[in-house]
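What follows is a single chain, given as structure tokens, in the form predicted on its own.
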Amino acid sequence: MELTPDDTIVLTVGGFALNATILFTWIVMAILTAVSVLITRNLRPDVPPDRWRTTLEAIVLTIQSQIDEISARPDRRLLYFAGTLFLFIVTSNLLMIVPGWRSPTASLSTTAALALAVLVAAPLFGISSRGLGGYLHSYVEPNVIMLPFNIIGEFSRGVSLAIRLYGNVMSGAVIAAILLGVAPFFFPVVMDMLGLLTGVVQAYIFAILAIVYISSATTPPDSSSLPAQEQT
């Protein structure tokens, strides 16, 4: 039994092995791009919204409301970043109900790349919001003795993000494979329903943690304890 789509080689061209992780990642990206273009091609105030546009607006407003509740300094760019992470992960996970689909998030390389994106985004958002000096000063707060611990804490966040998402998605696939071997006529429906639920939950948790990490980098320490409404 293959635990990760990295082990499945789909095609080899000129010595380059195209595994299932890369292939299905490209498919998810193509699906999201195509759906976005189709829904937003007539996105004008004079055009009445259809059900797809209404669904998209509901998703965007839900993500924005979560950011407003968590972040003391809501940033429109954070909506784009966290929304992209959520849509990529939830699409990858939900398509697991399609026969033959290998979710890219069941690969440690994919989850590590997503966590690395959060690790890179956090200082960029922090520097953009607080300036280079203000962001670097956060590493020596409340005093300089905490410098190594703050650095370790920053990297441990990325590691925990990658391991959490990979472990949950991969373990779900393994359990489904075992149960299908025990009772192939009963467990497929149950596991599909459970996969839909856990796929959405894992995407939500990853996006929320990314928002929390980035918001902590953009919020000055003296205002981090205040609610968002008092910051505006």
Partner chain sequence: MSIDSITVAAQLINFLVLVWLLKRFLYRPILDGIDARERQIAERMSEAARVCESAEKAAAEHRAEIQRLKAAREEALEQAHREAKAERDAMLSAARARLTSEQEAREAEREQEARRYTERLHRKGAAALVALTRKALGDLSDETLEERVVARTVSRLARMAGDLKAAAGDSREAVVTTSGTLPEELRARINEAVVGALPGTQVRYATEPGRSAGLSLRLGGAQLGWTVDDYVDGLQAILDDAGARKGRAGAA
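Fair warning: this is a prediction, and the values are worked out from it, not measured in the lab. Positions refer to the first chain, counted from 1.
Below, we refer to the form predicted in complex with the partner chain, which is not included among the displayed structures.
Q: With the partner removed from view, which of 127-135, 147-155, 93-101, 111-119 is the stretch that lies within 4.5 Å of the partner chain in the predicted bound form, judged by heavy atom distances?
A: Looking at the other structure, the answer is 111-119.
Q: Even though the partner chain is not shown here, does residue 70 get within 4.5 Å of it in the predicted bound form, heavy atoms only?
A: No, residue 70 is distant from the partner.
Q: Closest heavy atom of residue 36 to the partner chain in the predicted bound form, within 4.5 Å or not?
A: So residue 36 counts as contacting the partner chain.
Q: Does residue 205 reach the partner chain in the predicted bound form if we count a contact as any heavy atom within 4.5 Å?
A: Taking the distances in the predicted bound form, the answer for residue 205 is no, it never comes within 4.5 Å of the partner chain.
Q: Using 4.5 Å between non-hydrogen atoms, is residue 216 touching the partner chain in the predicted bound form?
A: No, no contact at 4.5 Å.
Q: For the stretch 195-212, which residues lie within 4.5 Å of the partner chain in the predicted bound form by non-hydrogen atom distance?
A: Residues within 4.5 Å: none in this stretch.
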